[in-house]
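As a starting point, one isolated chain is supplied in structure tokens, in the form predicted on its own.
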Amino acid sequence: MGAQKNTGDWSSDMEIDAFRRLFPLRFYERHLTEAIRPDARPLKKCRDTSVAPGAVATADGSALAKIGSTTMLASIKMEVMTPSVDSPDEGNIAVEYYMPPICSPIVRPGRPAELAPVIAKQLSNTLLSSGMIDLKELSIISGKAAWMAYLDIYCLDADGALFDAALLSAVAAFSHLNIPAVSLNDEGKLTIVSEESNGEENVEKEPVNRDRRKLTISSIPLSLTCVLHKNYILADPTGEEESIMETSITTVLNTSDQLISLYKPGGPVLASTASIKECVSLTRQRIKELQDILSDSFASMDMN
């Protein structure tokens, strides 16, 4: 009897799976009417999220961020550059976002993902406009030398809400960043001081900055993506939900409660004023969760 019951359950599971593949929207709508999603989450609940600072030992700053299955690895390398004439007292940030074929079946080998440059541009605009980093802190010698922070983000698993996870990994990487110490060598050129030399080799003048230092991080930008379907709003969508429901809104607020951006890349559903307000409200709640996650992750790192 037990074997027959198991066979029946297996057959039922196959029928549900087949219905889900053939009629994905109808499958989801059956769940939405009960205010639940196929993964058992309420409509406005986000997936489990984690942050691991210092994931890349060779980087000046790094972090691994996961939202559900969506996984991002961010690393920062600092290089000395000549500042621009317009901003002689400022450094700069360069952002690259990569989607290798391992991250998703829809990314084909040898073909760059169309979404990658879009997310890279969004990240760059968000980081520079949010007020999180004072670019003057990246200055070394006014008009002569400044830091360029090269931020590279690798998408290791693309299962929805890619921008949210990428931004979270970037924020964590900058929070983990240690700016290298630099000094003037005997030729008057700037050199990065290795931890082994500690500024004692090839230095005739006072070090510009003898110790590695942290950036002052403030007004941290964080985001939440929601998908819209009829009168429903689903927070933190999976890749399947994004592909089925098509209409999404990504809201970016900083920790000073300022709206940094609101991005809606088309879709068949119009965003009403009420739905936008709801998305902003959900983002405020999400930022509080993410702040706690970031604080806990760095506290755990300091204890180790």
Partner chain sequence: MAGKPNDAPATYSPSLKNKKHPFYKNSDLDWVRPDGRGFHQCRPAFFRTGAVNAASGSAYAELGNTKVIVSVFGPRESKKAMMYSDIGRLNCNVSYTTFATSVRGQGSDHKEFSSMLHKALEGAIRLETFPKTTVDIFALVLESGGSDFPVLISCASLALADAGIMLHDLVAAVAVSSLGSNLVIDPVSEEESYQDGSLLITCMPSRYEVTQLTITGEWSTSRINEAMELCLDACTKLGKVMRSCLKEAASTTTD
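Numbering follows the first chain given and starts at 1. Note that the coordinates shown come from a computational prediction; the quantities given were computed from them, not determined experimentally.
FYI, the form predicted in complex with the partner chain isn't displayed, but the following is about it.
Only one of the listed residues (Val80, Leu135, Ile233, Ala116) places a non-hydrogen atom within 4.5 angstroms of the partner chain in the predicted bound form, and that residue is Val80. Just one of Leu123, Ala158, Leu177, Ile220 comes within 4.5 Å of the partner chain in the predicted bound form, counting any heavy atom, and that one is Ala158.
Within 4.5 Å of the partner chain in the predicted bound form, a heavy atom is found for none of Thr251, Lys264 and Phe298.
Thr33 falls outside the set of residues with a heavy atom inside 4.5 Å of the partner chain in the predicted bound form. Taking the partner from the other structure, the partner chain in the predicted bound form has a heavy atom within 4.5 Å of a heavy atom of Thr191. A residue is said to contact a partner when one of its heavy atoms sits within 4.5 Å of a partner heavy atom; Gly131 fails this definition for the partner chain in the predicted bound form, lying far away. Mapping the unseen interface onto this chain, Pro88 falls outside it, with no heavy atom inside 4.5 Å of the partner chain in the predicted bound form. Taking the partner chain as it sits in the predicted bound form, the stretch 93 to 116 comes within 4.5 angstroms of it through a non-hydrogen atom at Glu96, Tyr98, Pro100, Pro101, Ile102, Cys103, Ser104, Pro105, Val107, Arg108, Pro109.
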